[in-house]
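Encoded as structure tokens, the following chain is the form predicted alone, with no partner shown.
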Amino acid sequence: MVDFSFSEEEEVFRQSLRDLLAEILAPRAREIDTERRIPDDVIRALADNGILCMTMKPEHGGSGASWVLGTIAIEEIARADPSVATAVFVLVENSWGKILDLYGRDDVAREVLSAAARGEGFVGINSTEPQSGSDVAGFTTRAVRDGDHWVINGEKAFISGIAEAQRLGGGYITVVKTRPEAGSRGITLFYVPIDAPGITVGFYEDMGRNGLSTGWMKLKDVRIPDEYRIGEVDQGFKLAMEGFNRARIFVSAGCLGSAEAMLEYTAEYARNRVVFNRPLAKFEGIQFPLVDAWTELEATKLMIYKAAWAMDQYDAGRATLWEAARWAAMAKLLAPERSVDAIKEFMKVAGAYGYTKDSPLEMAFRGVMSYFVGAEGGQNIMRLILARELVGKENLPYK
């Protein structure tokens, strides 16, 4: 039997969260973008309502929420803050924190994730390097064992939440080489606290998603105890891929939520804007692009929730990671592109007004664009992932 409905629990959760966000987040969206900071009281409210680390185990501060429920949360947060800054803050913790939740030492996971769940810490991902992003096996940051510690040297780039981690405490799931000659078979993951000696950081000034900082990190002789290792030595590639696939589903939901909010906003604008003595919405040249965008977003939504469902099947032991990864890649391929295209159409409907900061459209466009250009894997990387299955790796034009 095919059933496209959400459960009663999921519907109640969505509506309750939407009501909460209408009060605590939506009125602050422009402030977040302009002030370049998610207010502490917003973070506390999300923590108090169990949203920040909802996918973690209860013993680690979460509620063990399903991936479908987490996807609903990210979609709703992005609807309330269409710049997607707040959604990214929450999705990074819920997706990459899950890797520490599942594969880290229990005492470390409990300490780190419980603090993040209370809004007293931030857990992010530290993978991209100045010369390597989607090519995870090409990373050069290295960890060398020294007794019961590891010494890490290298540089990471385009890291979400550096300022937030400094302000709240916390750290990063960090992807490093422990056996460089082995390529992807020599990667290990570590939890690295933001305040570890030997770390220096700096910041980029992004065009959008301004409420959440983006920065770089240099690690020089950073000593990390072995208990901060996540998973087995040299077995981190699979864990990193799992983290990316979990995050891709939530990223897609964030793009979708922003575009959905802008669809509603633009439809209302078209109903109220009068030109040539009638509402703008009465012109077919306005109706048809809005309907096309609505249809594309609904199709994308189905793909996203299929991916979330597939991840829940993987977590329940009823599917392989690849089966979930396939749909995650398709969702990440569709959502940023369809959302950017839709918001562009909405800006055209609003005309000059859509280009001003009096309208949320430009804020949404700048935010969603961050995932169009490559975060959590570029669009063509998604195509390469899917091409391996469709035509076979041996038929791809690279080795």
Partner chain sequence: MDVAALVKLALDVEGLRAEPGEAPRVDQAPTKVSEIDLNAVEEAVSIRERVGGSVTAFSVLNWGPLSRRMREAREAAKRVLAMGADRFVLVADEAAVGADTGFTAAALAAALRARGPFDLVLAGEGTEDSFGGLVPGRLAQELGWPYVPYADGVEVGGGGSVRVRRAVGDFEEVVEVDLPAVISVTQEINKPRIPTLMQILQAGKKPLEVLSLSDLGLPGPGAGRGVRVSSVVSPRVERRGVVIEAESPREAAERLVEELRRAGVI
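Residue numbers count along the first chain shown, from 1. Keep in mind it's a predicted model, so treat the numbers as computed, not measured.
Not on display, but discussed next: the form predicted together with its partner chain.
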Given that its partner chain is left out here, which of D41, D48, D358, E35 has a heavy atom within 4.5 Å of it in the model of the complex?
D48
Interface check vs its partner chain in the model of the complex: of L334, L69, V349, A29, the one with a heavy atom inside 4.5 Å is L69
Per contact check vs its partner chain in the model of the complex (non-hydrogen atom within 4.5 angstroms), the hit among 326-334, 339-347, 58-66, 358-366 is 58-66
Is there a non-hydrogen atom of S16 within 4.5 angstroms of a non-hydrogen atom of its partner chain in the model of the complex?
yes
Heavy atoms within 4.5 Å of its partner chain in the model of the complex: does V12 have any?
yes
Quick one: does A375 come within 4.5 Å of its partner chain in the model of the complex, counting heavy atoms only?
no
Can you tell me if L20 lies within 4.5 angstroms of its partner chain in the model of the complex, counting non-hydrogen atoms only?
yes
